[in-house]
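Taking the form predicted alone, here's one chain by itself in structure tokens.
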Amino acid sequence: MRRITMSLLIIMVSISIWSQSDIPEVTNKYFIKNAYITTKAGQAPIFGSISMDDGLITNVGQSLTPEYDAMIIDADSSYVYPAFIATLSHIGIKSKDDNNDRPKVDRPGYPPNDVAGITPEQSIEGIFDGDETSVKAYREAGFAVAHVVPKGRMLPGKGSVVSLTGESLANSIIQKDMSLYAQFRGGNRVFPATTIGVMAKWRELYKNAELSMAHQSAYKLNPVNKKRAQTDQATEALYPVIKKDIPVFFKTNSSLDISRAIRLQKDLGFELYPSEVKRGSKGLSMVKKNNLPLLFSLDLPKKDDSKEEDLSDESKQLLAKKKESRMASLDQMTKFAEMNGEFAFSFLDVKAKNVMENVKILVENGLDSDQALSALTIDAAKALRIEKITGSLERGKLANMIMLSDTIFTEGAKMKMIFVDGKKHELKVKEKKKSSADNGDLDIAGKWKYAIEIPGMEPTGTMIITKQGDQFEIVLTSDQEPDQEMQATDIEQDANSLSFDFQIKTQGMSITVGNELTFDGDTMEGNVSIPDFGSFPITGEKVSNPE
């Protein structure tokens, strides 16, 4: 048995790794039966089956027969839809700390490109991490594909389309460097520090790149009496934009930002996607007039439940303006749909756990449910030019699909399963978290000893639970490797129970270990589970209170 990195289930995971490496996978074929299948947004569901092999859909329909070596999944009248697509996101990109100190440069009016936030040559290669927590979070929210762009300022870099398999970029890439990401975010106390400065710098960079590209072409045709062009990576990174080989996804939160981006586009001629639109109602007609696709932000304004009787007259006026602004944000997608405008969603600022809730809010406020599903699936695929391979459930397309307990956008519908490139990920169906009044104060903080019941062995260890406000933190060690620690993630409380995960990286693989524990005084019991390998009982007792 191999020795691997410490975790709560060091011995269990060792067994699973040994099993995966020494016992070949029985099949990569799946057959889902007895399901209500919506093959494409706007189409009525069929009650039937869907088969997949080697990551692709091989058949969809009624009265299908599975192949002899397919793994059969009885959906038991569950609902199957195309998996979602994040049309613009920072998924898999680790947070970038902004240093607010003044950069140490000799000429703040003419800083190096990287200091000014001008890095159009930057790809997500080297900064995308398939194990980053947002990848798993979005996958569990129903997403199989994402257009990922770097973080930064004016020109952060190029975006790529990836599968959210949780694997390395090399094994996840669908389309590399297929876009340029831009925003009206100036440099940190260096030029261009203002929006006007950003627009001026855009024109300067673009025009210089046009001249450089033209000079290079002329030099290749006839180098006689011509000096070889001197260029740089940032300039050359704009060549595909000038040739319209790749579009510019421009972050435009407001109608004013939309107007500015369109002005740049008209002056320079690049292909434009106004993105992450939050307050764009006044700019919708301009977008439609120019036949531009639009990406609306799913980071919706929160509802203010203040009671008017408790407010001053001035506060009442402010509250009325906030409500009016919020309703305009919720209505803008419906208005654009009525104009027959093309749109999808943008995910730069929204957390994965809020996506479905926010889409339901939009549907409740007038957005057609088929249009909402289309914006998450086939329209998103069209925006990324990948509709031939994903966005709907059709023969020959990627096996990207989700299974729910009820129809999509229905209150209480639970995500049960997602396939990404034909790989099955079963999800824990969590009940809605109860309020603190119902839960009471779960007094479990302290040091706990645990033991896991595995046939022929009993791994043991220590679990330290701390609580800050309503938030728990859990750190575990194993008696097999007491000097190493593992931090719990996705901690959820429900009455006297806690659920949490561990993600273990070993042997080039990533394994998520799920834990469900129920506490009763100074004792606890529950189960730990590894997908496809089963679950095992765990018991424990409290040995000391918090220090």
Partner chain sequence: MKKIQYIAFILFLSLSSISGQETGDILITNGTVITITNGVLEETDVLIRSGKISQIGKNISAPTDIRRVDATGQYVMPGIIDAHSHIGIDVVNEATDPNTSNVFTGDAINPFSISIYRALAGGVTTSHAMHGSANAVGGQCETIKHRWGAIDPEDMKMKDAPRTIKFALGENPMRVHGEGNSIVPRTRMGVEQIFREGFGKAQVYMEQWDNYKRNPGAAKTPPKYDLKMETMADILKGEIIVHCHSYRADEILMLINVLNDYGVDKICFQHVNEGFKVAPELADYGAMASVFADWWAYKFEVYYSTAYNAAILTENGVTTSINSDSGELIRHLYHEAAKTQRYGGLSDNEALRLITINPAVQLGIDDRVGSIEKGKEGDIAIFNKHPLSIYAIPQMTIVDGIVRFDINDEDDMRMDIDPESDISTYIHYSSDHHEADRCMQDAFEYFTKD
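Between two forms, the rigid core is the largest collection of C-alphas that superpose within 1.5 Å. Residue numbers count along the first chain shown, from 1. Bear in mind the structure is a predicted one, so any value in this text is a computation, not a measurement.
A second form of this protein, the form predicted in complex with its partner chain, is not displayed here; the remarks below concern that form.
Although the partner is absent from the chain shown here, R189, A200 and R260 each have a heavy atom within 4.5 Å of its partner chain in the model of the complex. Although the partner is absent here, P301 sits close enough that one of its heavy atoms falls within 4.5 Å of its partner chain in the model of the complex. In the model of the complex, S172 stays away from its partner chain, with no heavy atom inside 4.5 Å. At least one heavy atom of G109 is located within 4.5 Å of its partner chain in the model of the complex.
With a 4.5 Å cutoff on heavy atoms, R385 does not count as touching its partner chain in the model of the complex; it lies far away.
Annotated contact segment (heavy atom within 4.5 Å of its partner chain in the model of the complex): 211-219, selected among 240-248, 391-399, 211-219, 349-357. Contact with its partner chain in the model of the complex, defined as a heavy atom within 4.5 Å, holds for exactly one of I464, A234, V115, M327, namely M327. Contact with its partner chain in the model of the complex, defined as a heavy atom within 4.5 Å, holds for exactly one of E411, E204, E458, D74, namely E204. Contacts between 215-238 and its partner chain, taken as any heavy atom within 4.5 Å in the model of the complex, involve H215, N225, K226, K227. In this overlay on the rigid core, Q471 has a C-alpha that sits 2 Å or more away from its partner position between the shown form and the other one.
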